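Two forms, one protein chain; structure tokens for each follow separately as structure 1 and structure 2.
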Structure 1
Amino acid sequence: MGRDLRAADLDLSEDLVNRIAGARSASVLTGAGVSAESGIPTFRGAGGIWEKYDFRKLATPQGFREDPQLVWEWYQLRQREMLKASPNPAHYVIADMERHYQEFSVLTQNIDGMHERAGSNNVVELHGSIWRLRCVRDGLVTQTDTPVEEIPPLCQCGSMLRPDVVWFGEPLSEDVVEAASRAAASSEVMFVVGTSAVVYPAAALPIITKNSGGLVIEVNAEPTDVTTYADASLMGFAGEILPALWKRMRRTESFMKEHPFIPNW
């Protein structure tokens, strides 16, 4: 990263920009590509975490039952790495979007809490959060903003705590999926950022927006399945493209306010 991408460099028609800027409701679906620009390794793909570590030992209910000490040592390390990282320009633009649209949701597959650190409030964490701990006995959830010290950590009831994340072989929370689906269905615009959108049910969210008559704007490093139906696909770093896109949209919004006779789509 580091290139100063100009708003005029984006391949978007003025009509599309007007519709994005004038929308009342929007959402952003984010994946590992956004956090990777903050130095947090992705899980899948070339160079991903699962190339180096056995997910069966570290990210499954069975692996936790067999060796909770090992699992928590790994998650403690991940917490420390994530705490050292900082939100990047894409995270901050997404947080600014929330102040622009009347209705706005961040639908993220990431567990690192970067969106909240950047200032986003309405965040639906599809795969949970590494900063929440859940009691294995009664399901009580505890929030933390620092890496765990005791391994394995214990609930006040004496039972073990586990990371409140979705492991392999576990379903996503029905309430979380329902909240994300509602947001997708009501979005006039969905930005799909840093995700290949191949893992369901997250992959269905932009399709829901599209089928509901909304726009789908993709920002990814390379073409994905979303590219085939997106209204616009912008290829490159999210930390470069989103600031340029947002700058262009805010200029359009300002112009529309100064010329109210122009329809606000």
Structure 2
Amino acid sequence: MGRDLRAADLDLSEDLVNRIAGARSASVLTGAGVSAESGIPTFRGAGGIWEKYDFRKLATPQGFREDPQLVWEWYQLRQREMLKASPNPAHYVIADMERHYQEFSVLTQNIDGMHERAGSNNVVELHGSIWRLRCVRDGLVTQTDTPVEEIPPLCQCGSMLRPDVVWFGEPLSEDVVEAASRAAASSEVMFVVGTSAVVYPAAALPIITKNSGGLVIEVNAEPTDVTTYADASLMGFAGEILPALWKRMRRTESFMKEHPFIPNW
């Protein structure tokens, strides 16, 4: 990791790079792979979280009801790890892209807050945030930027707080689904970065873009279901591929015309 991939090495036609750079609206769907180079583990595959931990006990409402202490111990550990981690070049390129496109959204399945820390503003957190806690009784949400101390943490009302994240079998917030679907439908380009694209409804978002006539550009360490319909699949580490892609985009005529003061090297 950390290799400086040459922009010219990307397997992308000049025509496709021009279309990507010349688009007016774009979005990025990200998954755990975008934060892997920050040292935050992914869920599936070798070394993934679900290899070591049982998702039924840790990421379902039933698991929380049965053993909130255990679930909170896991989230506290992850809060500590995430706080120590820093955004990587992939997060920073995505934040830069927001300044290029007239309309741009980051649709993230991650709960780590890395996109915001890298400078992205328009972020839709599909599966919630580890930095928000929600009262199990009245749904009141509080924000935090430090790991919880006492576990399980309690609300002022005396009830238990839970992480404000979406577990298996729970619906995503209606507002979030609405915002993400709208962004997907209006995107001329969607980048799909570091997700296995097996968890729904998030995995349906690039299909919405594709069916609405937009381009789907995948960046992943390995093939996924998205590979079968993407307009291009760039295989490799997001922290290497995205900076190389961004460099190629900055050299296109449409980019230089629009941003004459951004260097194209």
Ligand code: BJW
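Numbers given to residues start at 1 and step along the sequence of structure 1. Keep in mind the model is a prediction, meaning the values are calculated, not measured. So that the term is clear: the rigid core is the largest set of C-alpha atoms that superpose within 1.5 Å between two forms.
- Assignment of forms: the chain in structure 2 is the form predicted together with the named molecule, the chain in structure 1 is not.
- After superposition on the rigid core, displacement of the C-alpha of Ala59 between structures 1 and 2 amounts to 2 Å or more.
- In a rigid-core overlay of the protein, Gln156 has its C-alpha displaced by at least 2 Å between structures 1 and 2.
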